[in-house]
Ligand code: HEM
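Here we start with a single chain on its own, the form predicted alone, put down as structure tokens.
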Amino acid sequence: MRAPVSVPPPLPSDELDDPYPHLGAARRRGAVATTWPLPVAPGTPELGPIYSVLAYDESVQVLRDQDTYSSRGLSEAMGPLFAGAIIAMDEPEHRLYRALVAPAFRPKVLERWRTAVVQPAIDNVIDTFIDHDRVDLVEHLTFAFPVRVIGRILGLPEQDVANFQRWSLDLINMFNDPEPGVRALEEFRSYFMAFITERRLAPRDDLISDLIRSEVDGHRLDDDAIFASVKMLLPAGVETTYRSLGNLLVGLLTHTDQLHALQHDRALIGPAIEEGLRWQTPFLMVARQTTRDTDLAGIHIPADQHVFIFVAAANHDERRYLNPEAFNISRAPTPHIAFGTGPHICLGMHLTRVESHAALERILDRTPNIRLDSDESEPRIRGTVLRSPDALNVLLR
């Protein structure tokens, strides 16, 4: 398999701070773009064409057709973090493993987590800065909160949460800084394999124990499969919430009329979360590889080709959304694909929504005067594939 390109096509590197105008222009030229990336180093062979799906209907078509567009290449392209994960499986393996993992995220369990874990966690995080006049919400809230939630859901002892947070940060940054990421993965695996062994001997009321107990048609998860599921909680349970919550807060704090509307009508919290996910999708794109020759939107795509599905571009498709570049929490409800769709739709999406709802509600309750800090730079949402603000400085008084 060819090495992944460093900049997702069809984006030039100088468009990565705000890719939406460039993606929009490309989408209006056609639902599928074909690009030829430059060699990864001087003297190396040119890579073959790369196909980018930019429109909503075509993105849904690809994501729902795993017979033609395979996910297996993700484990090779994305490295050890995705090895053994259901996100990189095809059928029938994917169906079995998803069926074994999915019960741990059923509505009854999510409701238990909401009251016992999520709500206390957001208050504990806000407690750390509520007495300050100003704070960077990225540093003190948007990352710390979901890490604390996942640590509690996994059943980690309180004294181990700090290590879990460090491992999470290094693993999430693995593609930008491989050495600490690889080291963190080794420590992470060593810790959790011992933790899984402990839970097999003495199960408790936590996610690891739920995964150990899960059974479908006589199949159970072995230790490696449970660890692979725990690894995927970082992108699915930590990173999605961390980035989407940060993006939503940027939207609200830079559109103060909508923040004020939300303060007066909490029924808008749900729509605001969905609009934040659509407006600034935390994952710019996902990758697939064709298993056979196919045609999409009039473009012929041979077998064994990279296909990038730009879900962020699809969520701004003018054919589906009125004035799609605008942030509008009162927008008519129209489903988006920030969490994907089809067989690989994100297992952690309901947890992200529960976390985001609890966080937004308590921020509104406990920081009624919250506003951007005019002495600091205005927040900017950045990232080549994973997108969120790198800082979000606010005043609380």
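Quick note: we count residues from 1 along the sequence shown, nothing fancier. Remember, it's a predicted structure, so these values are computed and weren't measured experimentally.
Just so you know, the form predicted together with the named molecule exists too; it's not on screen, but the next bit is about it.
Novice: Of 364, 50, 60, 347, which residue is found within 4.5 angstroms of the named molecule in the model of the complex when only non-hydrogen atoms are counted?
Specialist: Contact with the named molecule in the model of the complex is made by 347 alone.
Novice: Considering 276, 246, 151, 237, which brings a non-hydrogen atom within 4.5 Å of the named molecule in the model of the complex?
Specialist: It is 237 that has a heavy atom within 4.5 Å of the partner.
Novice: So, a 4.5 angstroms cut-off on heavy atom distances: do all three of 132, 135 and 145 pass it with respect to the named molecule in the model of the complex?
Specialist: Negative, none of the three is within 4.5 Å.
Novice: Do residue 306 and the named molecule come within 4.5 Å of each other in the model of the complex, heavy atoms counted?
Specialist: No.
Novice: According to a 4.5 angstroms non-hydrogen atom cut-off, is residue 316 in contact with the named molecule in the model of the complex?
Specialist: Residue 316: no contact with the named molecule in the model of the complex.
Novice: Since only the chain is shown here, I'm wondering whether residue 360 would be in contact with the named molecule in the model of the complex (any heavy atom pair within 4.5 Å).
Specialist: Residue 360 lies outside the contact set for the named molecule.
Novice: Do residue 169 and the named molecule share at least one heavy atom pair within 4.5 Å in the model of the complex?
Specialist: Residue 169: no, not in contact with the named molecule in the model of the complex.
Novice: Select, from the options 93-101, 177-185, 218-226, 264-272, the stretch whose residues sit within 4.5 angstroms of the named molecule in the model of the complex by heavy atom distance.
Specialist: It is the stretch 93-101.
Novice: Using the arrangement in the model of the complex, list in sequence order the residues of 326-345 with any heavy atom within 4.5 angstroms of the named molecule.
Specialist: Residues within 4.5 Å: 338, 339, 340, 343, 344, 345.
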